[in-house]
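Okay, here we've got a single chain as structure tokens, the form predicted alone, with questions on binding and movement later.
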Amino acid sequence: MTPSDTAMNPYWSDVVRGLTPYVPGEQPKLANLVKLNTNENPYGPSPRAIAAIRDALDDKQCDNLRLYPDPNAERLKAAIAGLHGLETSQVFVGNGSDEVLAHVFLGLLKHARPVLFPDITYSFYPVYCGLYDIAFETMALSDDFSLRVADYTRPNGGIIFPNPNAPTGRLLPLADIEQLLQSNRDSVVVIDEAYIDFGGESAIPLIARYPNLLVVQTLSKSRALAGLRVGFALGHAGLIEALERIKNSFNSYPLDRLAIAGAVASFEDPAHFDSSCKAVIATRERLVHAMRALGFDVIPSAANFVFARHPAHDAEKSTLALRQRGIIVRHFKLPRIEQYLRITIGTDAECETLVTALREILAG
């Protein structure tokens, strides 16, 4: 059977035939690559996290890897709860925030009414809806890519969006999120805060007042642990229990011993976390200034990436030209944003290399 015939494979279920899978960012194996396409942190994880992972492997009796990990990851839940002044019953952990979100869609957003999210947002959301047969409607962002809270004051089966949004980087103020919660008390509002540590104010303090709020975060970005796959959700115990029921009907051991050890240690090193975030923010501001000086329109960003277009140069051609120079950025061939580049904030040196390349491309 040839690849073109796979959709007709008689062993596939109807669910598989109808799926349009998510396409992750490219992970090319090229030497001397300036990789600015998947929003990874350029500064690496806390040294304490690395040491904790090594310690977890340094076991003469081999019990660390011979035995199953804690299915409830209690140490990690306690670390997260302590950081945010919550109870462990208000914390859910999973194999990256993508798995957490998958459980959220099935456990909290599958209702008779459609779930609402922006028309320009994390492209995994419609994939989850397709996988779980969840009705959804997209709400158009304004011309400047900001989210209009008034658009979400309609009957719905739940609301979800990233804050800052992806791929735009725009931040919705906390006052607007509270307004959204007040207007939708009968449905769950999920705030996907993958990038919140790079310039935003978290909605976590609102959990105490709003039982319909769920906040999802990840250790992949600000804590530079994308390779460990650790994500978590925070909310009232009733919401968390729904996610636990889904998790224990799917995979009781989503986090291995090394991931738990490294994640716990990362929360024990606030100095590294703070310095890493500040470095990314400072580099982002310098990159925005440099790109605007080259004539780019750059959307205000509170994330570890920028979203930009040049009015006189095609985005796809610019992406290819950058690739020829060993620089990888993300380009989405989607309505309204096909002329934009999403550029991860790398080190100062990487961003300087990018700006130099852009200057050459624009001059050519």
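Quick caveat: nothing in here was measured; it's all calculated off a predicted structure. All residue numbers are counted from 1 along the displayed sequence.
Although not depicted, the form predicted in complex with another copy of the chain is the subject of the following passage.
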Item to check | Any non-hydrogen atom of Phe198 within 4.5 angstroms of another copy of the chain in the predicted bound form | outcome: no
Next on the checklist: With the partner left out here, check for me: in the predicted bound form, does some heavy atom of Thr138 sit within 4.5 Å of another copy of the chain?
Outcome noted: no
Next on the checklist: Whether Asn9 contacts another copy of the chain in the predicted bound form should be assessed with a 4.5 Å heavy atom distance threshold; does it?
Outcome noted: yes
Checklist entry - Taking heavy atoms and a 4.5 Å cut-off, does Ala321 contact another copy of the chain in the predicted bound form? => result no
Checklist entry - Does another copy of the chain come within 4.5 Å of a heavy atom in each of Asp119, Pro270 and Ala279 in the predicted bound form? => result no
Checklist entry - Out of Ile177, Leu225, Ile80, Ala261, which one falls within 4.5 Å of another copy of the chain in the predicted bound form, going by heavy atoms? => result Leu225
Checklist entry - Among 146-154, 280-288, 201-209, 252-260, which stretch has residues with heavy atoms no more than 4.5 Å from another copy of the chain in the predicted bound form? => result 252-260
Checklist entry - What are the residues of 79-101, in order along the chain, with a heavy atom within 4.5 Å of another copy of the chain in the predicted bound form? => result Asn95, Asp98, Glu99
